[in-house]
Structures are given as structure tokens and as C-alpha cells.
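Here you get one chain, nothing else, as C-alpha cells; it is the form predicted alone.
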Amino acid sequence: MQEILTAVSLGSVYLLFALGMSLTWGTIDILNFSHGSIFMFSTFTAYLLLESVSLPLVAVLLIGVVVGAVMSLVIQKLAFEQILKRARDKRSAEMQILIGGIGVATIPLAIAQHHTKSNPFGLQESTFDVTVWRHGDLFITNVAVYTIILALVLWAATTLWLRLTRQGLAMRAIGVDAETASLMGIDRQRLALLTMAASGAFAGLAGVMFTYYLGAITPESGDTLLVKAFAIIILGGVGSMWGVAFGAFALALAEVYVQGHTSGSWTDAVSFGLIFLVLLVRPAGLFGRKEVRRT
């Protein structure tokens, strides 16, 4: 039972992180490899502010959300939009955006590495205290409970927004056929900015909660989660909101189980091995569309 509790809380962090990445990839066709740096730098900014003033949890979360959204918007305007304007065709644009995202990610990473000397940093200066709740042999922290609630509420809200609103329908239309959607009067550029802002906000939120969850992260922590999010989206199916939720909790459960029954060094190998085996049977992912054009 304790393994399930741990897997659900870890899976919620993965879901918060992968949700934004899945949103941009599944709707406006942007596989944003700077998502990990946005995740890290949002928390790094909160860490710098906390050196000057002690803040409560809500304020730290707002800092993470705002910094993540602003960073994502700046990257969209200065990098991805410029690539899309100059790209010869859709396929070359997808590849250039992928490489561009990797390049952009090095800037906040270098700033954080220079300031911290690549040492872990945390949010201990805030007024929020991590509390452990126990019931018999079971235990869970208040951070884990808040993370689970946030992840499930935001995932449900995003899913309903995509399914029930006109903007959500427009974004799904862009994900299916961007050219036809533009001919029908859908403003792709405006929706892309909105999507990137939401994606960055999710990354910032995930960064703050993950840092409280672990106690500290390093400047390279975002890169590690980026690989896991990529695997989660591929496992669940690109563009599927059910898929990203299933992938996040499935990967977390596999990791916790392997961690609890081995020395821990096999965690990534076994987890990603299982994903590879699933994809041999379902190449488009468990909840993915049968025909998807991606890089």
C-alpha cells in the first residue's frame, strides 16, 4: 500500500510536468525541449527571491507559475515563431524547433549552474513547512497531497477545456490539420501563445512542487524529467490527455516497484524497457491516434 501511495504522489509530479509538454506537442505541434529548463529556472528564481524575503507556499507557487509562463512566451515569440516564419516546410520546421529548444535551454541552465556551481538548491527559506502524516505503517507528506490534488484538478480542467470550449476545439483542429484550421479562420499564432503560456505555467508549478517534494533539485534536474516526460507522452500517445495521465502514473508505479525490489540502479532500465515493450505492440502509444506525423 505504501508503494502505491508513493507511486501516486510521484506520478502526480510527472503529470504536472508532462501535461504542459503534451499540450504543446499535441495541439500546436511544438515539441519543446526547453521545457525542462523552464521547470528548473522557475524554481531557481523563487530560490533567489527567498534569499531576500521569506514567502508562503502560495506566493512561491505564483512565482513559479508567472516565471514559467513568461519564459515560455518569450521563447515562443523570439525563437519558435521566427523558426516557423523562415522554415521551408512543416517537417523542417519541426526539426528546427526541436534543435532550437535544446539551444535555448542552455541559457537558463548555464545561469543556474554558474550561480549554484551545479550544487542542489531548495526552498527551505519559505514559511511553508513540510509535514509527514502517519496512519499505522503508512505515511504521506502534505506536499504529496497538495501535488496530487493540483495535478488531478489541472489535468481534468485542461481536458474539459479542450473538449468543451471553442478555443479547445480550435486547438484540437490545429493539432489534426493546421493548414485547414487556418483556412477556417482559426488564429494559430494567438492560440500558440496561449498554449505556450499554459505549458510554461505548468512547468513552473511542477518545479516548485517537485523541489518541496524532494527537498532540493539541481540545475540539471529539468533535463532528467524531460526524458521521462518524453517517454510518458510516447507511451500514452501524442495528443491524448488520458494517455499522458496513464503514462505518468504507469512510469511512477514501475519506478517505485523496481526501486523497492532492487538496489535502485535498475530503475530506469526496467521502466524504460517496459515502455519499449509496450510500444512494440502499440507503436502510436496506448491512447494515441493511429496516424500521427511527428519528427
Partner chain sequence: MSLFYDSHLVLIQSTLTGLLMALSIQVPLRMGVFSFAGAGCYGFGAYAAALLVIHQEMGALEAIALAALMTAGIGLVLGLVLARLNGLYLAMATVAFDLIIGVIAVNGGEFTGSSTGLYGVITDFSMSQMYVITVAVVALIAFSELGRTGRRVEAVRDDPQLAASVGVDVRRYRIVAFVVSGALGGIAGGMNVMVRSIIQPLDIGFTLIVLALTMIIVGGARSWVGAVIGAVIFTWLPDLLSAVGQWQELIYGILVAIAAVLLPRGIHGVLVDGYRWGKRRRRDGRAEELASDDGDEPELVLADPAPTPPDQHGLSRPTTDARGRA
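It should be emphasised that the depicted structure is a prediction, and the values quoted were computed from it without experimental measurement. Residue numbers count along the first chain shown, from 1.
One more form of this protein exists, namely the form predicted in complex with its partner chain; it is left out here, but the text below deals with it.
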* Structure fact -> Among 138-146, 208-216, 93-101, 152-160, the stretch whose residues bring a heavy atom within 4.5 Å of its partner chain in the predicted complex is 93-101
* Asked: Is there a heavy atom of Ile107 lying 4.5 Å or less from a heavy atom of its partner chain in the predicted complex?
  -> yes
* Find out whether any non-hydrogen atom of Leu253 is located within 4.5 angstroms of its partner chain in the predicted complex, and reply yes or no. => no
* Closest heavy atom of Leu279 to its partner chain in the predicted complex, within 4.5 Å or not? -> yes
* Contact label in the predicted complex: Trp266 to its partner chain, heavy atom within 4.5 Å -> yes
* Structure fact -> Partner-free chain; cross-checking its partner chain in the predicted complex, the single residue of Thr165, Ser182, Thr116, Thr131 with a heavy atom within 4.5 Å is Ser182
* Asked: Going by heavy atoms, what in 67-95 lies within 4.5 angstroms of its partner chain in the predicted complex?
  -> Leu78, Ala79, Gln82, Ile83, Leu84, Lys85, Arg86, Ala87, Arg88, Asp89, Lys90, Arg91, Ala93, Glu94, Met95
